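Just one chain follows, in the form predicted alone, and it is written as C-alpha cells.
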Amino acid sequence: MYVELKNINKSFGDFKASDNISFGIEKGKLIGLLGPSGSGKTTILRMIAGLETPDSGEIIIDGKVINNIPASKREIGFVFQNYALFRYMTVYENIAFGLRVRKNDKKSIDKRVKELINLVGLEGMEKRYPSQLSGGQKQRVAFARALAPNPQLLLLDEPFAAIDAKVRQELRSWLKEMILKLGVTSIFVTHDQDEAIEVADELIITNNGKIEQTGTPLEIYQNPETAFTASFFGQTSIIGDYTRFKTFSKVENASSAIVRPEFIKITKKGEVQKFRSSAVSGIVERTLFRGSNIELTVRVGDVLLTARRALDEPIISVGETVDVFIYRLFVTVGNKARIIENESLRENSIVI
C-alpha cells in the first residue's frame, strides 16, 4: 500500500474524532472519504497532511512513517474547501507561490506554472486576481497551485462545496480526468453521495470516528455491510416490521429493514401489475417533480415510503390509493445488513 493508516486515534476533549482507524490506499488511486458531518473524515485528511497530530497510531506514505515530519516537508498538496487563494496575487503568482517558497529558479518556475495553466484550462487568465474569477476558475487555480511542487499525494477537502450545481458537475468530470492523466494518488473528503460515487475509484465510509466500510462505489452501494452504510445512500425508508409486506422470508433477530426508492414499484389501481398478488395498498401523501421522474411519498400503515415513477407513466395524484410492491430490501441484524429479495421474483423467474 502507498498510503497506510494504522490504529489511528484522535480526540478533541471528550470527542473521539478517530477511533482506531486503519486502512490502506494503493498508489495512483482516487479515494473518496465519505460520511456525514462530524464523522471524522476531515480529521483523517488533516492528520495525513500534518495539520493535526494523531494521539496514537502510525501514518505511513511510501513505506515511511511520517508522524513526526512537519507538514511543509511531507510533499503533500492540499486543496482547501474555500480555495485559500491569496487575494492580492494573480493567477500566475498564486500557482508559483509554493515554488518560490522552495527557492526554485525563475526559469523552472515559469515553465512549471505555464504547464499547469495549460493543464487546468486557464490560458489568458494569468494576470487576473481571484476576485475576477468564477468559483470554478478559482478551484482550478487552487488545484494547479497544489500540484505545482509535484506532490507525492494530493488531498482535497470538500473541493466542490462552494461551487454552484452546474459547474460542480463539470468539475467532477474534469477532476477525475486530471488525476487519471497525472497518476497522482489523491484523497478527497465529501458528504455528497453522488459526488463520491461519480468521482472516486474507491470509497472509505466514515461514521462516529470509525470506518464503516471500504470498497468501490458499486460494491458498497450494492452490498452494504452495515446498517449505517445501507441507510446512508439515497432516500432510504426505514421499516420496523418488514413482514407486513408480502412474500418476504423472515430473518431471525432482524431489527428493521431499509428500502431504497429503486426497490419499490408503485402502480395505480387497475393498472397492469405482474406482482399484484404480492403488493399492498398505500395512500399517496406527496408527489414531487424531480426532472427525470416523479418522486412519490406513499403511506402504508405507519410507514412512509419514497418511490419514483417514470414521466411517461399515468399520473398519480395526492390522496390516491395505489398498489405498492417491494422488490428487495436490506434487513438489519444488529449493526449488520443483508439484502433479501421478494420471493415472488424467484417464483416468476425474472430478474429486476
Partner chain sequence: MKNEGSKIVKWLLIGISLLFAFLFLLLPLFTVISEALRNGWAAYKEAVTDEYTISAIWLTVEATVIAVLINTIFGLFAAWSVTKFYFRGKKLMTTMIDIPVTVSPIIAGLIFLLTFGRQSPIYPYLQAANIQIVFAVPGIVLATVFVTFPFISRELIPVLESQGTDEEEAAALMGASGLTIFRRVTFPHIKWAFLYGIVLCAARAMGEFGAVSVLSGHLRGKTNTLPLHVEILFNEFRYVPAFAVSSILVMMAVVILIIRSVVEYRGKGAE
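Numbering follows the first chain given and starts at 1. Everything quoted here is computed from the prediction, not taken from an experiment.
Separately, the form predicted in complex with the partner chain exists; it is not shown, and the next lines address it.
For the chain shown alone, Phe80 is a contact residue for the partner chain in the model of the complex, at least one non-hydrogen atom being within 4.5 angstroms. Put simply, Ala49 is close to the partner chain in the model of the complex: some heavy atom of it is within 4.5 Å. Shown alone here, Phe86 lies within 4.5 Å of the partner chain in the model of the complex, counting heavy atoms only.
The shortest heavy atom separation between Ala161 and the partner chain in the model of the complex exceeds 4.5 Å. Listed stretches are 86 to 94, 193 to 201, 232 to 240, 266 to 274; the contact stretch with the partner chain in the model of the complex is 86 to 94, by a heavy atom cutoff of 4.5 Å. Across the proposed site, Ala279, Arg309 and Arg328 without exception lack any heavy atom within 4.5 Å of the partner chain in the model of the complex.
Residue in contact with the partner chain in the model of the complex (any heavy atom within 4.5 Å), chosen from Arg102, Lys166, Lys106, Lys250: Arg102.
Only one of Ile211, Ile76, Ala227, Ile179 comes within 4.5 Å of the partner chain in the model of the complex through a heavy atom, and that residue is Ile76.
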